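Heads up, the chain below is alone and in the form predicted on its own; it's given as structure tokens.
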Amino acid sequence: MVEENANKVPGVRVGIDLRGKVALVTGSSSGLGMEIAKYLAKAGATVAIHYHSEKQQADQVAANIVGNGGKAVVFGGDVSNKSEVESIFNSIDEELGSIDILVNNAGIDGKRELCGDDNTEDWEKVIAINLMGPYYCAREAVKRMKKSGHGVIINITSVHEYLPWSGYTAYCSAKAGLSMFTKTLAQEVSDFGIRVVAVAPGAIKTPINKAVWGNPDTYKDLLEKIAMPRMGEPIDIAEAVTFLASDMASYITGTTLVVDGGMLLYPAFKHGG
């Protein structure tokens, strides 16, 4: 049931109230993770801002949240390192209490390399960060959520859990693997009050892909791959994640919410076969 005062949470859709919840967003010092962290904070959650190497940026994100009346604390570590992940969660336990929401956002595209001509270490790095990282974090989250009897784990995948992308076999394999991990883990923890879902972004306008949307030619080519006539904005993903983290999505688990403006609709067929 939605609380009567839920519509008073500033800057967030009516009915979403995450006050009293602790949320960890991995890779939240910039890009999508930063926007997700800010939006969860607007909904009332206390947010653990995570970074790997960009501490100054993470501090700025936390300061922005606090400056706008929210609560945020910064934690650093490598999500692809099991011991460091354990340390992150232990530190959150000590400073904020056990987490209620985990958003596995940290990830990399990796280098564009064709299989057979690639460096196996590059492939392994993408898998380590994009798949092993969410596993290590989810593993720690599940331990805590089972004790509390509730929790939500949200894995950020990609349209490339569905779409092949030449030169990025590691990235596509990791995202497809993360999708099946989402489904299987959701099945495993369904009796403990824990939901596990995924969000698959399409083309989202972030600094990491500015080389594409900042160039008129490549931007035009990209728009031809999207049914809607625009790229997505980070807020589009942040709103989807916040909805899934809330009680408004209490009967949703083990599935992927695609937020892609219709990229998976094969928009080239809009004008005939």
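Please read all numbers here as calculations on a predicted model, not as lab measurements. Residues carry their position along the shown sequence, with the first being 1.
Note that the form predicted together with a small molecule isn't included here; everything after this is about it.
Colleague: Although the partner isn't part of this model, could you tell me whether His160 comes within 4.5 Å of the small molecule in the predicted bound form, counting any heavy atom of the residue?
Modeller: Although the small molecule is absent here, His160 would touch it in the predicted bound form, with heavy atoms inside 4.5 Å.
Colleague: Taking heavy atoms only, is Leu18 within 4.5 angstroms of the small molecule in the predicted bound form?
Modeller: Taking the distances in the predicted bound form, the answer for Leu18 is no, it never comes within 4.5 Å of the small molecule.
Colleague: Is Val73 part of the interface with the small molecule in the predicted bound form - any heavy atom within 4.5 Å?
Modeller: Looking in the predicted bound form, residue contacts with the small molecule do not include Val73, since no heavy atom lies within 4.5 Å.
Colleague: In the predicted bound form, does Trp165 come within 4.5 Å of the small molecule, counting heavy atoms only?
Modeller: Answer yes; at least one heavy atom of Trp165 falls within 4.5 Å of the small molecule in the predicted bound form.
Colleague: Can you pick the stretch from 36-44, 202-210, 65-73, 238-246 whose heavy atoms fall within 4.5 Å of the small molecule in the predicted bound form?
Modeller: Only one stretch qualifies here: 202-210.
Colleague: Have a look at Asp109, Asp100, Asp78, Asp118 for me and say which one sits with a heavy atom within 4.5 Å of the small molecule in the predicted bound form.
Modeller: In short, Asp109.
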